[in-house]
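Shown below, as C-alpha cells, is a lone chain in the form predicted alone; questions about how it binds or moves come after it.
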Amino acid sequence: MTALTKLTDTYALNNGTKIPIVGFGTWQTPDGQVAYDSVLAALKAGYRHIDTAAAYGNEESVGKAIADSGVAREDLFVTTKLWNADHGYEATKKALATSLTKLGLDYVDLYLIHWPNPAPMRDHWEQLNAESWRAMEEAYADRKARAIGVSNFRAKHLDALLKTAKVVPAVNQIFLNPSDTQDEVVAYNRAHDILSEAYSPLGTGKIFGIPELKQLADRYHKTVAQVVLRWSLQHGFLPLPKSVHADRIEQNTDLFDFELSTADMQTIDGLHGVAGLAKDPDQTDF
C-alpha cells in the first residue's frame, strides 16, 4: 500500500502518471463565488488534486480559482469529464476543447467518460464509447490529457471498451463509500490495474448519522468524515471529499496521524446499504 503520510502523497497510475491520493470534489458546488471560494480554500489547505466535470457547470470558476491560487500548474492534478450529450468521436474532441477553454488550461491531468450508458444512447452505447475513447486516446497522445479513464463503469462496460481500446483506462471513478463498496467493480479495476476513485466518499452526507461511525470517531478522537476518508485510503481507494465550508475542507485533510485497526476496518466494511447504493448506469434516466 502507498505510504499514507500526507495529502500530496501519490499513487502511480498504470501509465506512470502520479496522482495525489486525496482529491477535492466539486460535484453539486454551484458555479460562481461558491465554487471559486471552495476551490481556493482547498488549495490553501494543501489539496493539489481538483476534480470537476462539464456536467457540474463550474469549470470556469474552478479554473479561475486555480489561476488565482498561485500554485504552479505542474504541482496540480486537474480532472474533468465528458458529459453524456457529447459521446462520439467529433463531439468528444469538441467537448474536451470546451472544457480546456473554460478551465483556462492547456491540458488536464485526467479526462474521464462520465457515464457509460446514457439514456439517449442505450441502443448503441458500446459504439459511441469506442468512438469517444478513440478521441481521448488522441488527446492523450497529443498531451491534452496526461491520463484518460472512465466513471461509473461496471465490468460489462469496461469489457466492451477494452475490445477496441489501445490505452487501458487509468481510473474508474465510482460511487464508493462504506454504504456501497462495489466489490465486483473494485476487483475488476484491480485486476486491470485501474485505480478506483471514490466519489461521494462521505455518502453525500448520509453517513454522518450512522451510530457505529460516530462511536468509532469518538474513540479515535476524529470526525466521522476523517474516519471514513481514512478507511477509503486504507483500502487503496482515492477519495474525493467535497465541501463548501473552509473549516470542513481543512478538517478533511487531517487523515495522517492515525490508523484504523483491522477490526474497525471490518466494522466499517459491514455497513452496506446504510446510506444508499450506487446508481445502476444501465437504468439511469439521463
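Heads up: residue numbers just count along the shown sequence, starting at 1. Small disclaimer: the values here were computed from a predicted structure and weren't measured.
What comes next is about the form predicted in complex with a small molecule, which is not displayed.
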Q. The small molecule isn't shown here, but in the predicted bound form which of K222, H235, K64, R248 has a heavy atom within 4.5 Å of it?
A. R248
Q: With the small molecule left out of view, choose which of N189, T92, T181, S200 has a non-hydrogen atom within 4.5 angstroms of it in the predicted bound form.
A: S200
Q: Check whether N252 has any heavy atom within 4.5 Å of a heavy atom of the small molecule in the predicted bound form, and answer yes or no.
A: yes
Q. Is V227 close enough to touch the small molecule in the predicted bound form, meaning at least one heavy atom pair within 4.5 Å?
A. no
**Q.** Partner contact for A217 in the predicted bound form: the small molecule, 4.5 angstroms, heavy atom
**A.** no
Q.
Taking the small molecule as it sits in the predicted bound form, is L240 near enough to touch it, meaning that at least one heavy atom pair lies within 4.5 angstroms?
A. yes
Q: Counting only non-hydrogen atoms, choose the one of 128 to 136, 67 to 75, 157 to 165, 205 to 213 that falls within 4.5 Å of the small molecule in the predicted bound form.
A: 205 to 213
